[in-house]
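You are given structure tokens for the same protein chain in two forms, set apart as structure 1 and structure 2.
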Structure 1
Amino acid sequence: MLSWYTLALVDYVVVGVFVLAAMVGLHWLLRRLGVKREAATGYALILPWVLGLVIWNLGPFLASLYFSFTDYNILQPPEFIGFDNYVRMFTDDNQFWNVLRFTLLYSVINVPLGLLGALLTATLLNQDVRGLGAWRTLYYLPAVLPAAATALLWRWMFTENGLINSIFGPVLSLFGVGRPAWFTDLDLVLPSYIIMGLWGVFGANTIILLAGLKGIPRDLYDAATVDGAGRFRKYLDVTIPMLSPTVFYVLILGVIGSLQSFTVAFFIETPRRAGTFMNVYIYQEAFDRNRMGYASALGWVMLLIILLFTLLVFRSSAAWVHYEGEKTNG
């Protein structure tokens, strides 16, 4: 164990020395080229981030594109096979369509429910009530709790004798219904994930929307009061339009995050026929079945799907997103 630790420590030191030498070298080179000292120092200081972006992000990104056109299992060199992975995906892999349907259904249901829940929660937290700071801290906790620990907690809660069935079991028994098998019943797997997804209502999204509510000018509400608008009309005609840019931002994050769901499904075993999330399927193909080439192709298709949905949200924003001071035609 000590030897492994020593090797890792030596690797860190070597990389650190290399990066430091590259920073000093870049600074010296820029100064020789006539760049001002302040600018040269700035470029040298951002060099570690640039190296990280190129080596750990851009490099694997381009490598995965190449691997998607190969038959690659890690143990042997990749063999170029053209578009065979993509042809197989859309014609021979029935599991792909099942997983895609599951992921899209989850996103279509979870994103609107999560956005509506976060908006209502932020509205409640925007009221002047006693102990407001404590309530805001409590509702923000889901954003800082470890995702793996949360997934394990949900798994326990949905077991046959878990908290969910213990609470609702007596009520269901009055109607002659037994305790649901949440993770083994094919019809309940997706609803189980949707219920767990509502946990995301609280946390970062609520805080972002709360910040948007705090940024709405009070003068607009005063003007609406003068015009005779009630509380409900103020919310529809003032709050929602002025909050729409923030809602748009949260919606984009929600769509991307929902389509990339992974942690909860990774820690919860469900029947294969019920489907799973695309990211989990990619992981299974890559690391359980050693089909790195096919997993890379799945990853690129998933990227295109996320880009498509994001583009649709952007294209729709012109109809419902309003910015303060924005000029309209007419």
Structure 2
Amino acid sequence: MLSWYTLALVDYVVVGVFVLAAMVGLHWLLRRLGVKREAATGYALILPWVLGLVIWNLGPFLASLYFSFTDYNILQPPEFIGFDNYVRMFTDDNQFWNVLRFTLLYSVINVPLGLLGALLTATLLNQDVRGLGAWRTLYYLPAVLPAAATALLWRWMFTENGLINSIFGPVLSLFGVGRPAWFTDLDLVLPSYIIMGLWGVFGANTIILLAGLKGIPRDLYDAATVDGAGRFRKYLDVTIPMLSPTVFYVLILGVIGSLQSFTVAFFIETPRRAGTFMNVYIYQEAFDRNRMGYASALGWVMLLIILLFTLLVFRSSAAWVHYEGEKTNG
């Protein structure tokens, strides 16, 4: 029984000692080679990350590129098949399109809505409200709840006779609409996920945006007042531009995070035809169906999509993100 823990501890200590020894060794080696003390220390200090980059990022990154051109079921060695995986994905895999549509729609709806809600809430919280600390803690709570717990909780609230339908059922019946089946209704899976996602993320965004709002120098507002700007004008001409770098940060993190939703899907049963998140599909292809090659190809498409979205946000940011003074650190 105990031996699992002992084995893990031995691995842990051995690797830890190895990393620290490598740092000391590198420092010594660089000094011997005549590198200045400051640079040698710097390289030694960042060595753990550099090692990690090579072993756990760069290597696997290239390996997955290679696998994406192979047929590989883990038991037999990978067999090179050129672009077949990519061709199959786009021409002969209906579930791929389902999943792609699902993932993109989720992000495209969830991120802007979450941002707007957070912007509104942060603006309200910035009006000298009493008990700001308590409000902040309150709104941040959903971000602290484990994804697994969030998923189970919303699955439970969204059951046919669950809390949501008990509260909103009477309202819906006024319009002659029956009780929605949410996560088990083919058409409502996506909206259900979006509602859950909004609940989970908007509080955290609110806190970050609020910090951005607090950081806007007061004299900018005073200057605008002297110029005769009204409340709305000030919001448009001072608040929005000054807040735009923070909005940008929230937007980038939101896009990257929402495109990679994973855990929640394992705690909620939904109809297969409704589609699921891309990362879940990749996991299923790789570990349930042992198609490592095909899963790698899907992973590369995912990477390209994330890069595309990020690039889009970055490119557009030139037009709407305002950097005060363009100060750089370090």
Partner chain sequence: MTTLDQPQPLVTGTASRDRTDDRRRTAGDTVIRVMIYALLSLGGAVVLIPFFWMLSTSFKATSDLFNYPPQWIPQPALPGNYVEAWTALPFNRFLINTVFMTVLAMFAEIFTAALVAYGFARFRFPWRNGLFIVLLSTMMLPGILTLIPKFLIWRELDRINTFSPMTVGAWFAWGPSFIFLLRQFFLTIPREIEEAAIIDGASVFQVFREIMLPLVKPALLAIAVLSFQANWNNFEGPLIYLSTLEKYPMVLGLQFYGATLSNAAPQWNYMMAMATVMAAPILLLFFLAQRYFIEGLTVGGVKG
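Under this definition, the rigid core comprises the largest set of C-alpha atoms superposing within 1.5 Å between the forms. No experiment lies behind these values; they were computed from the predicted model shown. Counting starts at 1 and follows the sequence of structure 1.
It is structure 1 that shows the chain in the form predicted on its own. The Cα shift for Phe158 between structure 1 and structure 2, taken after rigid core superposition, is smaller than 2 angstroms. Once the rigid core is overlaid between structure 1 and structure 2, Phe277 does not reach a Cα shift of 2 Å, moving by less than that. A displacement of 2 angstroms or greater separates the C-alpha positions of Gly203 between structure 1 and structure 2, with the rigid core held in common. Comparing between structure 1 and structure 2 on a rigid core frame, one finds that Glu38 has its C-alpha moved by 8.5 Å.
Aligning the rigid core leaves the CA of Pro48 displaced by 5.2 Å between structure 1 and structure 2.
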